[in-house]
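Single chain ahead, by itself, as structure tokens, in the form predicted alone.
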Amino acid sequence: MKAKRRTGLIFFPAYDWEISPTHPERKERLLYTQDQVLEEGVLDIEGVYEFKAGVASEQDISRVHFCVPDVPSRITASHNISAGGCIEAARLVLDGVVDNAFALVRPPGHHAMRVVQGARGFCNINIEAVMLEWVRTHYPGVKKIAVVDTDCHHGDGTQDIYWHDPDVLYISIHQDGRTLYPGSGFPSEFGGPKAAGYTINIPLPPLTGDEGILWAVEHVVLPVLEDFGPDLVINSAGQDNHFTDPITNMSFSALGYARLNELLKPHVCVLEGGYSIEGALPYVNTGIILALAGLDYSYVREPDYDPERVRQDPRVTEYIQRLCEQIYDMWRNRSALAPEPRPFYERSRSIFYDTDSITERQHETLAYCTACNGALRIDSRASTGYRILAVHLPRGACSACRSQAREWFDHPGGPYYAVYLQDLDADEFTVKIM
């Protein structure tokens, strides 16, 4: 048997990191998949290769995050390797070693926002964003990137990081936030003033099955990707839409996940959630690997699969079809979504870190600019006692925005613990302890 596409696999089960020995986010999530892949002889297929994870550096993480008080205090070595596994997957693809790659790593990351005061949704750092910024730093020819998040939970962290960036298209297909953590991800969340329309949320009702999720892929995701024309497509491949997942309420199957990736054709898949450790993950992951490699996945079956049990209610189908039509119309009319230009845009938010029981209040200010994406200032105050000012300079920042960022950094005002400056063009991260 020979794969039609060269596919790279990176496994990192993180033996030394777990929230608790019985928590859904534990090493067995990947150990069962490793066993299944070996038992089925997937690695014996010509064109399917296993590679070792790399290690993301503190500089790699600081291109994305403002970790409070610093990076080492927020993560373990497992987080460096999980993000490093994603970086290695992207490098293998971009260097032409493989056609696509699947980073089967943990801990996950898509709930980690730009400011990190603690862990939320089992995520400390955003492993996809660390990979994405590493790619933009080392492969400047990669200009436009699409992240398609198929985790059952809305990827509010990835959305936050790329809210103001029109060169990163973020699409999330997830269970409706009115029924599931983190309670966000509605169509009205469509991007900041400089990137209106480049965040696309598709919140699906509970008990959505293969028919509904694949409808959203075919009638929203694929047409939008064709319009956007990305240089790189990343699947934030959470697997908790599965009908046996213990913490969600959807009806997706292993065959559905395989078909999704056959349609999407991502360059890089990154494992996110999925907590049906024995009943779903080994089969879903095997199906995804076969689809990436261009092989027949039609015989993949999880033990409890019954087509009648997971059949989608016709009312759900009708709802999803109407929703997708509305969302695609928003994309086609995205220029009309942008607000009227003004010097500064501000928003305030309260963020809860459920894993660490930390409450954070943020006040964000964007300096609107017609020449670049604008300098960003975030005043962050956490219940831990840390209050910091984070200043972000985007790629391609103009001289006026660089001056504004320097003014904020040099004269922050307020009783801050520290002031941080993140300069992506210079690839520098500066910290000033107050």
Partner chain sequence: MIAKSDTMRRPFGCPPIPCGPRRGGEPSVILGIDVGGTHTDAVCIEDGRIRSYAKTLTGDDLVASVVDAIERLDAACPKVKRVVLSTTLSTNVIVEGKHPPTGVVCSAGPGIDPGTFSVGTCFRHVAGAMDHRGREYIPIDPAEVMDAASTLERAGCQGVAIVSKFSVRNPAHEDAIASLVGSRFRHVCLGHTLSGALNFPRRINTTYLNAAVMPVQERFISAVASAVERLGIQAPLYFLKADGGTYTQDAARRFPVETILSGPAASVMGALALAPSRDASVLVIDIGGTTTDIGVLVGGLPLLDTWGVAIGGLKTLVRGLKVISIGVGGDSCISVEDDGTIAVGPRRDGMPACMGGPSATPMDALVILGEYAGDTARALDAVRALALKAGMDIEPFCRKVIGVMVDAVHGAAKAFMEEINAHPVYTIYEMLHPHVVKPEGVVLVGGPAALLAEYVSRSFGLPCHVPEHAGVANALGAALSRTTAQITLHADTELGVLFCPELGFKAAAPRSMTLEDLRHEGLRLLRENASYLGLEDSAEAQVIQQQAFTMVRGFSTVGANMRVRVQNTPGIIDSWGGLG
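Residue numbers count along the first chain shown, from 1. Fair warning: this is a prediction, and the values are worked out from it, not measured in the lab.
Another form exists, predicted together with the partner chain; not displayed. Remarks below refer to it.
**Prompt:** Of these, 60-68, 38-46, 361-369, 398-406, which stretch puts a heavy atom within 4.5 angstroms of the partner chain in the predicted bound form?
**Reply:** That would be 38-46.
**Message:** the partner chain is absent from this chain, but in the predicted bound form, do 27, 31 and 53 each have a non-hydrogen atom within 4.5 Å of it?
**Reply:** Yes, all three are in contact.
**Request:** Give a yes or no for residue 170: in the predicted bound form, does one of its heavy atoms lie within 4.5 Å of a heavy atom belonging to the partner chain?
**Result:** Judged by the heavy-atom cut-off of 4.5 Å, residue 170 is well away from the partner chain in the predicted bound form.
**Message:** Is residue 277 near the partner chain? Define near as a heavy atom within 4.5 Å, in the predicted bound form.
**Reply:** Contact check for residue 277: yes, within 4.5 Å of the partner chain in the predicted bound form.
**Prompt:** Is residue 434 a contact residue for the partner chain in the predicted bound form, using a 4.5 Å heavy atom cut-off?
**Reply:** Residue-level check for residue 434: no, no contact with the partner chain.
**Message:** in the predicted bound form, is there a heavy atom of the partner chain that lies within 4.5 Å of any heavy atom of residue 283, even though the partner is absent here?
**Reply:** Result yes; residue 283 sits at the interface with the partner chain in the predicted bound form.
**Prompt:** Among 293, 81, 145, 130, which has at least one heavy atom within 4.5 Å of the partner chain in the predicted bound form?
**Reply:** Going through each option in turn, the one that passes is 81.
**Request:** Residue by residue through 7-26, tell me which have a non-hydrogen atom within 4.5 angstroms of the partner chain in the predicted bound form.
**Result:** Read in sequence order, the residues that approach the partner chain (within 4.5 Å, in the predicted bound form) are 11, 12, 13, 14, 15, 16, 17, 21, 22, 24, 26.
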